[in-house]
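The data below hold one chain only, encoded as structure tokens and taken in the form predicted on its own.
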């Protein structure tokens, strides 16, 4: 499902010093597995996640998704792959402030040309599943952090992706909601979805099929 070969990522700063975020990273993630990336801040977890999720490109190396090497895909092809096959859950939710809950959830459907009524019904179904059926018309500022994260999860699921990528999905929410998020991700895995998570929450490691430890841009185990 997901494979990287010799993945490297460097950033150049104004001082002309090169900062290397990833060094020769090799990972293999099987279909329908629950994989955790762990490590201290600055270890390269989010960089690796962004490259696998097509939000960033490597300096060197290859990335394979669904059996295809995507490293040389055009920006348009990567955007289509992202939209159709990958769901993202971010630490800071990344909801659009002026949109309601259902509008945020259904937003990824707009480029596909899906009509208003179907977008609403699909978003409503997912929000009710997240126990937010009474918050359809609330904007993010009217929701708690836990509610915002559940809206973000619903948005990640709107296109029925085969891969869910989550960056510290429980770091900004309360314990009860964290437990609910973990249950939802576990349920998704049982339905055949591949889950890739960066987290410091030890509860995730207990149920993970594989835990990759990262340090200084390298996979340690």
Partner chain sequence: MNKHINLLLLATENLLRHKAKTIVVCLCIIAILTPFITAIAISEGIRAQSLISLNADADLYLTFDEFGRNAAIPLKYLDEIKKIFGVTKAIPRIIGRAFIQNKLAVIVGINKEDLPESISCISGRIFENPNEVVVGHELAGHFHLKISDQFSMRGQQRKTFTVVGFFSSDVSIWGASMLLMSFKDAGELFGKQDVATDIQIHTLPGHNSEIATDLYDILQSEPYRLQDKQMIGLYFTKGFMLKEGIFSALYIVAFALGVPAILVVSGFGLSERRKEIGIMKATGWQTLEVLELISFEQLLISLLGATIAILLSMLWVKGFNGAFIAQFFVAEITMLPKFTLPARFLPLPCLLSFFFAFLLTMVGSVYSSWRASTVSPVMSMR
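No experiment lies behind these values; they were computed from the predicted model shown. Positions refer to the first chain, counted from 1.
If you look for the form predicted in complex with its partner chain, you will not find it shown, but the lines that follow are about it.
Asker: Mark residue 60 yes when one of its heavy atoms lies within 4.5 Å of a heavy atom of its partner chain in the predicted bound form, and no otherwise.
Answerer: Because no heavy atom of residue 60 falls inside 4.5 Å of its partner chain in the predicted bound form, the answer is no.
Asker: Is residue 56 close to its partner chain in the predicted bound form, meaning a heavy atom pair under 4.5 Å apart or at it?
Answerer: Result yes; residue 56 sits at the interface with its partner chain in the predicted bound form.
Asker: Is residue 143 one of the residues lying within 4.5 Å of its partner chain in the predicted bound form, judged by heavy atom distances?
Answerer: Contact check for residue 143: no, nothing within 4.5 Å of its partner chain in the predicted bound form.
Asker: Give a yes/no on whether residue 155 approaches its partner chain to within 4.5 Å in the predicted bound form, heavy atoms considered.
Answerer: Residue-level check for residue 155: yes, a contact with its partner chain.
Asker: Identify which of 94, 138, 129, 85 has a heavy atom within 4.5 Å of its partner chain in the predicted bound form; exactly one of them does.
Answerer: Of the listed residues, the single hit is 94.
Asker: Would you say all of 50, 107 and 114 touch its partner chain in the predicted bound form, counting a heavy atom within 4.5 Å as a touch?
Answerer: Contact check passed for all of 50, 107 and 114.
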